[in-house]
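Below: one protein chain in two forms, given as structure tokens, structure 1 then structure 2.
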Structure 1
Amino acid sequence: MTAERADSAAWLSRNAVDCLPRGGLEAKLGLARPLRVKLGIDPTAADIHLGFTVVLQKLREFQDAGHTVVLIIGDGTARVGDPSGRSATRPMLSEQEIMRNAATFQDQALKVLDRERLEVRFNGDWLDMPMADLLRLLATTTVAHLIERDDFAKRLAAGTPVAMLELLYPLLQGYDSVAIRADVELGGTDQRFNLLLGRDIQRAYGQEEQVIMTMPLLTGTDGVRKMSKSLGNYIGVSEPPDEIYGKTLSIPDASLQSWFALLLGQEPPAGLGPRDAKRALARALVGRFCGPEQAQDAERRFDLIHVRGGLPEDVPTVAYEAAGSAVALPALLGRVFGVSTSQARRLIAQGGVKLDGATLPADALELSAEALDGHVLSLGKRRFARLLII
């Protein structure tokens, strides 16, 4: 066994799914200059989630080895919408949404990336091209090639719509590689087709082709599908510590192995049961994104509320204007917790509403103002409010 150097091709590609073409990365590293390592992101959602940090970590390794990361904010391509892995056409975003997302995206990416070796570009700068240039780009690729793609093929077979714009997407993001003269491009495994097409397009423009590296996709908190904002099974890097901690504990046991490997680069600690392994993972993630001191606090608060069934330390106080001395509970719950009064009635009937930790009777529809004022109302296990009756 020879020790791997932290800047060698073998080291950099050790946990990648693909690193193509074979030997390509070695050749690029042999150029003895900082490589331009591309990552394209679509600011379609404001949050970076944990799945995305798998790729960001890899970029960080390239930076630490002296290379330059070129982060492309897809303000141009966001108007098209990446069809990868999608079963339906994405809705288009407004200019304002795109720019707002782009700004928060950068902040969050810097939780992982090194600001020093980072170049941020907006692809709207070059995608807003004259018709003649667009036609030249379109001439590089055939329809047959595009619809070979798995998700297009499936959608065509299933009779669901595929928009022309979506067909265009891989070409536009491939052109990004030309515009920034990318040496290496990273992405999730779902990006393999797009990344490879980038090589074809670079060749068509007379450039050296980029090396592509794909990273495994992290499963979401449901343990089944890939982590994605639109599936609602994600953990955002800028979420509050308690959310990151709690959501991490809620992953299925079967996801432990891959979460440890992809996020922490290690095996789950030997000798720990699934629960304690998850707690260790949750602490590590909170520590990474919120600061080490937050990890202990988040765990303590979680135990207080969920293990011991207690009330949180900082219950928000909510003022409620009572119409008389008797307060109608469904209306109160609706106002305080943002549920409908019908839903509030059902929750009371199901024993889901507590006052100072004591479950209210199923038929409790009103209480006196004195019984409520200054007391803590809880809805389910996670929603609390201290009442101020006025």
Structure 2
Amino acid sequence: MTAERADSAAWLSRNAVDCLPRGGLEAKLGLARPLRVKLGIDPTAADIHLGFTVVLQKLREFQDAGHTVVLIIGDGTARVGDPSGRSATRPMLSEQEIMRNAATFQDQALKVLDRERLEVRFNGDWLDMPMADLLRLLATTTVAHLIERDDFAKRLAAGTPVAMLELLYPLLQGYDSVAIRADVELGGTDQRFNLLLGRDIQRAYGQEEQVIMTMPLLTGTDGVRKMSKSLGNYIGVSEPPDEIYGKTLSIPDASLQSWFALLLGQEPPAGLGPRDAKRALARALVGRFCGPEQAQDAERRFDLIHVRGGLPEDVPTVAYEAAGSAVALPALLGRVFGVSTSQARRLIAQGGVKLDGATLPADALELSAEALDGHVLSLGKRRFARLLII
């Protein structure tokens, strides 16, 4: 039985950066019950992107081994904002924004996780605590310990303010582990400080400390920085198949090794050059989140548009009511593609808007209704609409 536990611990931790304390996971697996494996996600944006799925896939491995995943939606901690990896204080979100984002998270997480072994909790349920309970939590650590973390130390050295709310964040995240009695907590490598502090807080509350496991951070489509919605280098798991496929093909060749390893758990196919390896990766990702048929269709549409220079076969028709004989393009782009007027002007100036495949001039802010009616307007490489001017 000891050998079996050791093998299971080695398998579950095989691609983690940290699994602490040493031997801790094997000891936890010796408990005569399923483990409670925690992940906290703050709903600071509406989408779960591929970077999140690196940790979600590890959680699924725990589920497949018979354990329970506790997914904590941080409606309470999101009001504070996680300072991890930040060089400035995060803007505070409204309660409406937080709850709107949280509403999408569970469904997106279920693209990876098993519903049967999933427990979803909102940490606002316990973080809206009486003053006496908050003071007890604050007494579990010191300011000196909190400002040891690299993010805070760098900002203080540079004379950049650190808000009291940010000092509070790691304690609130740690208290989540107390509230749900976590056995294991997962996160990215940027969460190491927070996860370790959770152990300290559990000990202060008389609980057995959790094992912490950190997973590598997936670089974004730029190949440089970690994938982040705020950096615009992300691929959302609920994006349309054509977006997932096309964005995947845009990653640098140097990212192939890590993307295959972190997202598919395998090496790039032997004997394939970067172009074909990216296509294989794109098919696999679209197939996972949208279905195998959608993957084939996305590849076919990509080839039709970008390889053979054609237009999609199923371009949606969008009606637009013109106020006169001339149509303002920024307003039209806003109506058809949901971009702001300033974004539309910038995209036109950058050559990102085409009509029937021909790039519009940088100063083309207005066209006649006749020139637009029945023609295909495209924004970027993958967004198309056939116009019906009324």
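Because the structure is predicted, anything quoted here is derived from the model rather than measured. Numbering for residues begins at 1 and runs along the sequence of structure 1. In this text, rigid core is short for the largest set of C-alphas that superpose within 1.5 Å between two forms.
The form predicted alone corresponds to structure 2, not structure 1. With the core held fixed, the Cα of R22 is displaced between structure 1 and structure 2 by less than 2 Å. When two forms of a protein are overlaid on their rigid core, residues whose CA moves 2 Å or more are considered shifted, and G352 is one of them between structure 1 and structure 2. With the core held fixed between structure 1 and structure 2, R335 has its Cα displaced by at least 2 Å.
At K381, the distance the Cα travels between structure 1 and structure 2 is 4.7 Å after the core is superposed.
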